[in-house]
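First comes one chain, alone, set out as structure tokens in the form predicted alone.
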């Protein structure tokens, strides 16, 4: 049954049952249960409504069936069929779980630490300005998503089953709400525990997971990948799923040195924009009182074109915080995340400009397929230098940025490493800064109150996607011209977020297993 109700009614299943009884002209006593199947908020009009798809039980017991049935994982490894999975982000973890389903033993090699130990290294970036190049917001068990929000919304629905991926998260401890909400979200506070339980499933089924194990070399034999060599000299044999994420620049260097075909690809670069959440609630819910008791922290999504390039919001984090996301010393990068309750004072999102390889300045002409990666590195180094060689990020009030004025005082912020006034309008590359300014003006006209000096821009946001693509023969085989190598997920340039990376990981696992079956 499809319903359209007020936020107050949608908030409580008893109120939903009362609404259904009234609409269907039946006694509420006959309704034995209501299960919400899908839920979305419609805030396009002044009166905000909630659209629900529900399963109603009338004159019958309410069943306890799963929205998505759990998967039965069985032990593997007896027939010596094994595969190497490089990286324990969503692409790697879901590849490993799918390999188990298909009877192949996964050996997961992760350069960083386990998801719990990793917390200390993440905290040190803000507290001490120290970046561990193998354990940070980008590297470690869970990948970039583990401590950078846990948003599960994706448009990549043609590549595989989104519900299947969400069901596996639920099977490992996520709330069933992620199967229901139009924009599902786990939260950076809950996701680490779920990731840990996924690791235990892999281990309990006979797989292996090795931390602090950085791959430095591919084992090649007659043009075929037969395993990897790690920094400590250890070797692991088997076909390789490469799921290293969008920030493993040393891996791109390694592949380039091995003459594995790479391609430069477009990315998006800009700033992290932070508003008071109450202001975003007022704008999005058309109410000076804000969101009230029954609505969640409001989100937004803006996009426009400026001089032939997209300018848009990215990774919007309602009720969230801005975090330092450098993956090596000498860099300053920002990102955003939200806890599961989305209950902080602030809202933030990336505000970025599309950058294509042909947009790069002439100085990158000789860099070939790694040109976009070099541009990323230089942006992050410049930001670090502007911050006085620290993680205290440069910031400017939003309206000052648009008008080209200095900001002498910066409002309170969620950014725990600290902020200092900086002329981002002057030191951002003009082809990015100019488009951002004009984009902000467009967004300010679309949403009254959005363009304000109560908001701040923080530099710099560069890790929106991989700057390199590892071409695959085709979407069915999932391997490159080098047999035995299966580039996967965001790091391969074929995904953009937790769910799409997980789907790609599963497909790479299926392609690898099918090659085993043919021999």
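Note that the structure is a prediction, hence the values are computed from the model and not measured. Residue numbers count along the first chain shown, from 1.
Form predicted together with a small molecule: not shown, discussed below.
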Counting only heavy atoms and a 4.5 Å cut-off, does the small molecule in the predicted complex sit next to every one of 271, 393 and 397?
no
Residue (of 407, 313, 171, 213) lying close to the small molecule in the predicted complex, criterion heavy atoms within 4.5 Å:
213
Check each of 137, 375, 346, 401 and return the one that places a heavy atom within 4.5 angstroms of the small molecule in the predicted complex.
137
In terms of non-hydrogen atoms within 4.5 angstroms, which of the given stretches 440-448, 422-430, 84-92, 119-127 touches the small molecule in the predicted complex?
84-92
Can you check whether residue 243 is within 4.5 Å of the small molecule in the predicted complex, heavy atom basis?
yes
Does the small molecule get within 4.5 angstroms of any non-hydrogen atom of residue 145 in the predicted complex?
yes
4.5 Å heavy atom contact, residue 98 and the small molecule in the predicted complex:
no
In the predicted complex, residue 199 touching the small molecule (heavy atom, 4.5 Å)
no
